[in-house]
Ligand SMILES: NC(=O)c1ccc[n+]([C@@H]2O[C@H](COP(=O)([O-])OP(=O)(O)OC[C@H]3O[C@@H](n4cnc5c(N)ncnc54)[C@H](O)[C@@H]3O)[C@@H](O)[C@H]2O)c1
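Here's a solo chain for you in structure tokens, the form predicted on its own.
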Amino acid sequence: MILILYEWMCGAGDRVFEMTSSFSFFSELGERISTRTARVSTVGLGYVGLPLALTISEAGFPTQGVDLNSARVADINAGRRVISYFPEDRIARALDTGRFAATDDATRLADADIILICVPTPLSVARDPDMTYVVRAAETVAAHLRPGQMVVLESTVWPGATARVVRPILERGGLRAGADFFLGFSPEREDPGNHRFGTRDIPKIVGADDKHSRELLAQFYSCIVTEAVPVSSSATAEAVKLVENSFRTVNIALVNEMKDALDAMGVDVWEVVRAAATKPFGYMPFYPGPGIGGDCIPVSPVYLSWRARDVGSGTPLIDLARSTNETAPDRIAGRVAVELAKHGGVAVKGARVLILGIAYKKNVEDTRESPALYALNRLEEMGAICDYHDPYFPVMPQTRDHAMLAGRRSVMLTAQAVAGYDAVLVTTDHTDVDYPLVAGSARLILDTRNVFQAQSVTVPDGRLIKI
């Protein structure tokens, strides 16, 4: 009896010590956040990690960005504008404060109080979730993890991934989430090229599986953005991002389907959407296009659908929308062939086609999942001879899905050059393009973005087809 009582008292003592240590870590980190002396590291300096790191630095926190790409780190530390839509001196100004720097030395993570993982979560060749970068980042963090740190995953993942994938990796060394260190999830909501809503202007969802981690996440992000929105768990926060982008996926598929149907009726879908958008409730405008691209809208629904199947459920409506969006470039290529034959009697095999824009959206240097590249590939499979013009890509970058296109060069946009093509296919509506020149020189324009009407550029009768 005495032995049992002794063991119980020892166990209770251990639990009291653990609770005291946990509360001490919590209060110490909370104090550093409130005084903005907490040292922050972002793992990954791409379209999410770099804007986030700069925003944190601008909020007054000492911040370092960690990236394995030494050339990118060197460019950032030299103050070069590595993302085109940044103000030209934004990185240089951050460096001048002394609060921001980039490094390729992962051992520096041990110095951080807060570590934010902002790495890609692409699709595999089989179009399934690819968590490779998240796993590697978590392993890197785990190698330098110390008591009292907070780790936040920002990469898009399926619901439950923070708890089931990241947490076990971080706990391999014996430290425990919620007791020895803090862990949570806050989905990135970056919109590249959006000058109305920057990182600071967009509310941040924060979720964690223990009270202290959740409170610290909310406290920290409240210092960085206009509003932190706490939710009950990391899985809930993970689901928020997937739901947001699945909503967009379904509506983009819907408006493209309506475009085809209304076009067959002789009705302009662009005019219909503009008119419908005047309704102040119950409607949100989405616009047609050549398909979806980027690292969010094509990816998030796959992660949600995969996880739904994993737990014995399904997302048939989302899966149908995904299929509609993924095949949109094929339909665009087919329409090009039809219009070439109809308006110029030109067979697609051997036809010369100029692709106007290869980025997935306007005014960004990003080709991830770009429907323009899929349409280009499909046209070439059909026998067309394709060139491209894009002011953001003088040379075609190396991409995983379009390796054979790497190294191609953007053609100069001159009247003589444009006149030499059987058709111009507008796939990206960049602002910095001479659309009047194209309108005056092209034999046939196939516009997937309605850019000529949007910019009030007149095209000679019969030469402009909105597809």
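As the structure is a prediction and not an experimental result, all values here were calculated from the model. Residue indices: 1-based, along the sequence shown.
There is another form of the same protein, the form predicted together with this ligand; it is not shown, and what comes next is about it.
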| query | finding |
| --- | --- |
| Heavy atom contact within 4.5 Å of this ligand in the predicted complex, the stretch among 306-314, 322-330, 189-197, 380-388 | 189-197 |
| Heavy atom of each of G46, D67 and R72 within 4.5 Å of this ligand in the predicted complex | yes |
| In the predicted complex, V302 touching this ligand (heavy atom, 4.5 Å) | no |
| V166: touches this ligand in the predicted complex, heavy atom cutoff 4.5 angstroms | no |
| This ligand contact at T156 in the predicted complex, heavy atom, 4.5 Å | yes |
| Any non-hydrogen atom of E369 within 4.5 angstroms of this ligand in the predicted complex | no |
| Partner-contacting position among T121, Q149, N256, S246 - heavy atom within 4.5 Å of this ligand in the predicted complex | T121 |
| Contact residue in the predicted complex, from L183, A137, V348, L216 (heavy atom within 4.5 Å of this ligand) | A137 |
